[in-house]
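Form predicted on its own, single chain, as structure tokens, below.
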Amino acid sequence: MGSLIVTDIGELVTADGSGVGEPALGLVHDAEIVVVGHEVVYAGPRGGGPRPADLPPPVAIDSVDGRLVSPGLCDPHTHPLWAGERTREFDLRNQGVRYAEIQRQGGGILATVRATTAASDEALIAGMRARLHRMLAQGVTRCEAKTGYGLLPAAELRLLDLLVQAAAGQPVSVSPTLLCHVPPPGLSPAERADLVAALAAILPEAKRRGAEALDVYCDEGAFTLAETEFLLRAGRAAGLRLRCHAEQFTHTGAAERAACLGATSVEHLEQIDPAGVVALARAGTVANLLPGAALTLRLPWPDARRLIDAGVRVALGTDLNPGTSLSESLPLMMTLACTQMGMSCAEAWLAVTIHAAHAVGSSGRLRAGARADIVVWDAEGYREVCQHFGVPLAQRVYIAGQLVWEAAPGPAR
């Protein structure tokens, strides 16, 4: 079995406190973590845990020289499985070209659908694993991962199978989601109705193949509110967690409807209305806010302050995707949330630990009985990770008590 002691921790974020804001971080100074096998048995003041002689051998002792230590981060919204690139679209959009014109020129989501459809299974798996490795280097130990670049039922099931294969045998724990992204263009009303029915029909099979959740994109150019509700009800009947891309470009009422249907999370929310905020708070639905997409698309920043003050549990995700948020850096999203969205550093940490973990069905805490997912940061305190952006600060990452990533040695601190 073996044991691990991570000691000489300057500041420990357990995310196991009480209340809101900084008290909820459960900060401990001059701390240590004791791990037996895959689980934490102690996380608290140094010297308060079991002695090395009382632990199952072999016992490894890792001194972190006064650094910050936290739970592994959780990214609750990613699209990591695709082929191709959309760099020209990024450049055109920054020069003022509208999305409709980019689509007319062959860009947008459909460009990724074409490239993904043409790519080999091996290339798609390799691409996703490379992205997961980059997440790991940013301190992420668990993420949600969506299909969505197939559009048609059989194509989405293919991508789900590949997503599950790509997740196997690598360190980051993955929660698969089947995404109903957008209907293909040019469908007649009857063909569109047939597509929605066919997507609903594959959801029990998606569950059998490893999907844990269903996500539906409700917006102008995507699925209508009525179609979204039909698909979410079918997902609930299939035993899937429910998610919904909602209120990103236009207000549709999807956030309120999804919350009333018991959605685990809703995503984006730049255009959410007061009724939607109340519904999320009442239902306990997590608001997965995605500052990378707002930054790239120059959308209004999601109003995290309003949501938090209303009692909504707010999480932060990268929205990793090839067109509108090409980033694996969850710490960067924490910086954007603090500087642009009204969140405190403590709230940003809660948004990538316990709140994000709640959205994907895990813990996000460091306490006795929790899986030992641990990040050692090249920082002295939790606020530094939010302030010091643009460089990777994760120094070591443990998953289930095993060291799985370590930064190259650098100058002494």
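Residue indices: 1-based, along the sequence shown. All values reported here derive from a predicted model rather than from experimental measurement.
One more form of this protein, predicted together with a small molecule, exists but is not displayed; see below.
Residues placing heavy atoms within 4.5 Å of the small molecule in the predicted complex fall in a single listed stretch, namely 320 to 328, out of 128 to 136, 276 to 284, 307 to 315, 320 to 328. Here the marked residues 99, 109 and 268 all reach the small molecule in the predicted complex, each with a heavy atom within 4.5 angstroms.
Of the candidates 86, 257, 207, 241, 86 is the one whose heavy atoms come within 4.5 Å of the small molecule in the predicted complex; the others do not. At the 4.5 Å threshold, heavy atoms of residue 223 stay clear of the small molecule in the predicted complex, well away from it. Contact annotation for residue 158: none of its heavy atoms lies within 4.5 Å of the small molecule in the predicted complex.
Proximity of residue 142 to the small molecule in the predicted complex falls outside the 4.5 Å heavy atom cutoff. The small molecule is not drawn, but in the predicted complex it has no heavy atom within 4.5 Å of residue 116.
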